[in-house]
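Just one chain is shown here, as structure tokens, and it is the form predicted alone.
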């Protein structure tokens, strides 16, 4: 298949022995006056996991730069080449907002919201996956390695194997992989499985996800499959759990910087010097349990278990997928609830909830971690959640309490955290109170073991 027609307007091809393929490029949308780009480090995002591995490794990152139209030429970032893939308005609507985030995303997160199935979206998903596969084929050196990321691009491994059988291909799914009874709802389930099986190695966050995948391959494609290996024609595809993590040393060093520590002290002053600070940092997403968390906190205040003057909740909710209807509705509901709680329980100069929707740079985020007596990470379902690991690494004084959903992948590793069921409001309220007491009554001596090791 010719790659030329789809790559018109793209930057000059430079081949690389390692190619990362992801939906988005890991850079800020805006560049500095000198033309320099910086890594985009969103809370709990894919870049947080890959950045420590790639910043000193010669590689090419293939992805969409944002916006529509011709693909822009972008400078390298820390030696990593940025190779852009163009998307038009139809691609953005039907592939990204449609099949990827209105069909696959809710299905892979236990159908927290009802998945939507539209035939036109599947056509766009195929088309965009083909474009990414062709871009990766064009920049990979002979015999090189291509590492494909996440649910947006599940067809790319199979397409890439057809285009470039000489390559070593890996695929990693950052989100949960659903149990068979959910995945079987997909009209194009066989095609998605075959696409993933184009890889030589398929990685998941948890062993249960690898087990689910093997079960589905055996049932849908009738291939010999175990939780470690799958036979495909004359090949063997290896599968397994490889939970992502963070550069704990980097986060600990950042949190220990004098300017970051000073910023943390100023933030606590800005918050009114409360006795207790609870922090949550999420993308605005219905899988993150934000509404349930706000409801539990509201009931704690109403019941007299928490006093606004003594305790504040800082909720960071960075907007995402704002063109998707479900996310617009969610943001409206969250903001109404924050307004209701502040209106009912807050005082002049003393809001019950400090609600922030802008993204923070790494230093500011580390300062927020340093302020938080309790870190509440309570998603309804999450592949891993690196915010939990960042908080643990940032507490260089070995104080603080982590309230963590048992449905986050990180719960399997952070066994010292307070694990809660975010669907159980009474249990969630008890978890907030219990984790708070561990900090408040022990004068900050409760310790979390640093189990979040770097990849």
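Positions refer to the first chain, counted from 1. Only a predicted model underlies this, so the values are computations on that prediction, with no experimental measurement involved.
In what follows, reference is made to the form predicted together with ligand ADP, a form of this protein that is not presented.
**Student:** Among 103, 385, 129, 378, which has at least one heavy atom within 4.5 Å of ligand ADP in the predicted complex?
**Tutor:** Contact residue from the list: 385.
**Student:** Of 345, 242, 183, 360, which residue is found within 4.5 angstroms of ligand ADP in the predicted complex when only non-hydrogen atoms are counted?
**Tutor:** Selected residue: 360.
**Student:** Contact with ligand ADP in the predicted complex for residue 206, defined as at least one heavy atom pair within 4.5 Å: yes or no?
**Tutor:** No, residue 206 is distant from the partner.
**Student:** Under a 4.5 Å heavy atom criterion, is residue 48 part of the interface with ligand ADP in the predicted complex?
**Tutor:** Residue 48: contacts ligand ADP in the predicted complex.
**Student:** Wondering, does residue 83 line up within 4.5 Å of ligand ADP in the predicted complex on heavy atoms?
**Tutor:** No, residue 83 sits far enough from ligand ADP in the predicted complex that none of its heavy atoms falls within 4.5 Å.
**Student:** Does at least one non-hydrogen atom of residue 147 fall within 4.5 angstroms of ligand ADP in the predicted complex?
**Tutor:** Close contact is absent here: in the predicted complex, residue 147 is far from ligand ADP, nothing within 4.5 Å, heavy atoms only.
**Student:** Counting only heavy atoms and a 4.5 Å cutoff, which of 304 to 312, 135 to 143, 361 to 369, 184 to 192 contacts ligand ADP in the predicted complex?
**Tutor:** Among the listed stretches, the partner-contacting one is 361 to 369.
**Student:** At a 4.5 angstroms cut-off on non-hydrogen atoms, which residues of 238 to 268 are near ligand ADP in the predicted complex? List them in order.
**Tutor:** Result: empty, none.
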